[in-house]
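Shown below, as C-alpha cells, is a lone chain in the form predicted on its own; questions about how it binds or moves come after it.
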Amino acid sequence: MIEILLILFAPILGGLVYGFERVVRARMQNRQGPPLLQPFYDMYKLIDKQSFIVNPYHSILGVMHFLTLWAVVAFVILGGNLLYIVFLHLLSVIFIILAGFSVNSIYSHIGSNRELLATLAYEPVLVMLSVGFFMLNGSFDISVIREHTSSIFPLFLLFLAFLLVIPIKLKKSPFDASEAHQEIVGGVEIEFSGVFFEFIYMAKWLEYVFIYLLLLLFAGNNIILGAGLAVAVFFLVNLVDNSTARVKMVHLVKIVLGIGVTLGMLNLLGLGYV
C-alpha cells in the first residue's frame, strides 16, 4: 500500500524537492527566492495557457516521456530489475530527444543533439552501476539490493562516477549544457506550451525522484546512511551549481566518459578480483 501511494504521489514529491532546491539556491545566492510551493503555482498558471500543438507527434512524444519516467520511478519503488529500469529510463530520454527533432525549431534541434550527446556520456555509467550492484549482491533486483548492507565502500569509485551523472540529469552546472537557457532557450522544451509543457515540467520532478532513489541504493538497508547521503549530495550538487560555470558540450562528454567510465571500470575490475 505504501509503495502504491509513493508511486501515485511521486510527481508531487519531486515537485517539493524541486521547490526546496530553489529555496536553497536562493539562500546560497543571498536573495529571497520563491516559496517552497512555487513549482505548483507555476503548474496552476500553465493550466490557463493556450496549448499550441506544433505537430501531434511532438506532443505525444512529450507525454510519453513523462509517462515512461513515471513507470521508471514505479519500478524502482517496487524493487524491479535495475538493468531493465536503466534501459527503460533510456527509452524515456529517447522520447524527448525525438520530440525535439520532430519540429523545425533550430533551438529544439540543438537541444536534442546536446541531450543525445549527454545521454551517450552518462548511460555507460548507469549500466556499469547496475553491473556493480549485481556483482556485489548477486542480483539486479532492487528489492534484493535494498536488503543487503551498504555498498558505498565496495562501490566507492562507481559512487564517484554517479556523482558526475547527477548534475547532467538534473541540469545543474557545470554539466547543464544540454539545456543551457542562455544559449538555446531551453533546448528541447522550447516548442512545448500549456498542458503539454506541464508534462515536461513534471518529468523534471520525476528525474529528481529517480536520481535520489538510485542514490539510496548505495546505503542498502541502512536508513540513516541513506538519509545522510541524500542530504549531503543534495547540498553538494547545489553548492557546485552555484559556484561553477557551464562547460562546453565537448568537455562534458570528455569528462564523463574519460573520468566516469574509467572509475566505473576500475571499480568493476576490483570487484572481479575480490
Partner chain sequence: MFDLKKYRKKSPWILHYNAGSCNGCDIEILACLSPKYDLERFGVINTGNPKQSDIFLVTGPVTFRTRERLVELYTQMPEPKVVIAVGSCACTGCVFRDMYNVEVGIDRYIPVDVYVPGCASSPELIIDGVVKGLEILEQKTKEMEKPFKLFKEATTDDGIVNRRHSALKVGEDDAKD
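Treat the numbers as computed from the prediction; the structure is a model and nothing was measured. Numbering follows the first chain given and starts at 1.
What comes next is about the form predicted together with the partner chain, which is not displayed.
(request) Indicate whether the candidate residues Gln29, Ile47 and Tyr201 are all in contact with the partner chain in the predicted bound form, with contact defined as any heavy atom within 4.5 Å. (result) Each of the three qualifies.
(request) Indicate whether Phe192 is a 4.5 Å heavy atom neighbour of the partner chain in the predicted bound form. (result) So Phe192 counts as contacting the partner chain.
(request) Indicate whether Val54 is a 4.5 Å heavy atom neighbour of the partner chain in the predicted bound form. (result) So Val54 counts as contacting the partner chain.
(message) Taking any heavy atom pair closer than or equal to 4.5 Å as contact, tell me whether Gln38 reaches the partner chain in the predicted bound form.
(response) Because a heavy atom of Gln38 falls inside 4.5 Å of the partner chain in the predicted bound form, the answer is yes.
(message) Test of understanding: in the predicted bound form, would Phe133 fall inside 4.5 Å of the partner chain by heavy atoms?
(response) It does not: once the partner chain is placed as it appears in the predicted bound form, Phe133 has no heavy atom within 4.5 Å of it.
(request) Work out which of the listed stretches, 121-129, 193-201, 167-175, 83-91, brings a heavy atom within 4.5 angstroms of the partner chain in the predicted bound form. (result) Flagged stretch: 193-201.
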